[in-house]
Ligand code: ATR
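One chain comes next, on its own, written out as structure tokens in the form predicted on its own.
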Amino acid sequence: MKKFFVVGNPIEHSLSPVIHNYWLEKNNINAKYEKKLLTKENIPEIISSLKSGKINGINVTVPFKGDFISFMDDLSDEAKQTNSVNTIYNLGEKLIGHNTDIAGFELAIRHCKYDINKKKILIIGAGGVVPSILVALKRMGVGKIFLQNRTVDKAKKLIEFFPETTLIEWGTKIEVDMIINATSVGLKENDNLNIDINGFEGNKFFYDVIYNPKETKFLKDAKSQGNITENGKMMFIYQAHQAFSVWHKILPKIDSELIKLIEND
């Protein structure tokens, strides 16, 4: 039986095993997908298991999407563009680092039928998924991207790779069409970004990359002000869809049964 894992810290919230095991069963693939709590010190051990074939593939989530890069034998174009890896597989005797978050975000935005062309976007955060969002937004013809992050130095390093992005001071209010929470703040019930939703005038689109819980405080506050809101559920599904196809050479079906599993788990 083949073995696949999602690794990260924290990892309890991850519903990746739900979606991958659903598709494995539907496609009669003899494999199992589990989640594993990881520390940086454990990365060489995971790499060894991948190279030996004890593990057949992994997904990488926060905060390790950049930490696996140096262990890869080669990177896909998407991983090179973002300097971020969320999907790893063996090709011959080489470990390949790939990024499915770009496609995941783009397909999710298209799924909710939001026209992003020429729009002004504010991204909150500078973590592992942000490079993927930046690449996807550029592909979709976004007008202008602003970025704010509590740790300014981290944001500045990111902007070195994406100079078309404008860094603004934390808490600054600007006129934009869409606000994206790309941080992990919201995974816990009492997490609070401390963003003043009232500072954004008009009917905005608030997007949170977090999918579990289904509605973070960020989205609740935005909805209470009459804004459009969307969580990261479809991004999660689409990035998993891309990873599954890389590993198993099958495009699994995204059906209502799967979406219900994610919503109700």
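All values derive from a computational prediction rather than experimental measurement. One-based numbering along the sequence shown.
Although not depicted, the form predicted together with this ligand is the subject of the following passage.
- Contact check for T165: no non-hydrogen atom falls within 4.5 Å of this ligand in the predicted bound form.
- The closest non-hydrogen atom of T151 lies within 4.5 Å of this ligand in the predicted bound form.
- In the predicted bound form, W170 approaches this ligand with a heavy atom inside 4.5 Å.
- V176 falls outside the set of residues with a heavy atom inside 4.5 Å of this ligand in the predicted bound form.
- Out of the listed residues L75, A126, V135, A103, A126 is the one that sits within 4.5 Å of this ligand in the predicted bound form by at least one heavy atom.
- With the partner omitted here, the residue from A108, I121, V185, I96 that has a non-hydrogen atom within 4.5 angstroms of this ligand in the predicted bound form is V185.
- In short, of 109-117, 151-159, 138-146, 75-83 it is 151-159 that has heavy atoms within 4.5 Å of this ligand in the predicted bound form.
- Along 74-88, not one residue places a heavy atom within 4.5 Å of this ligand in the predicted bound form.
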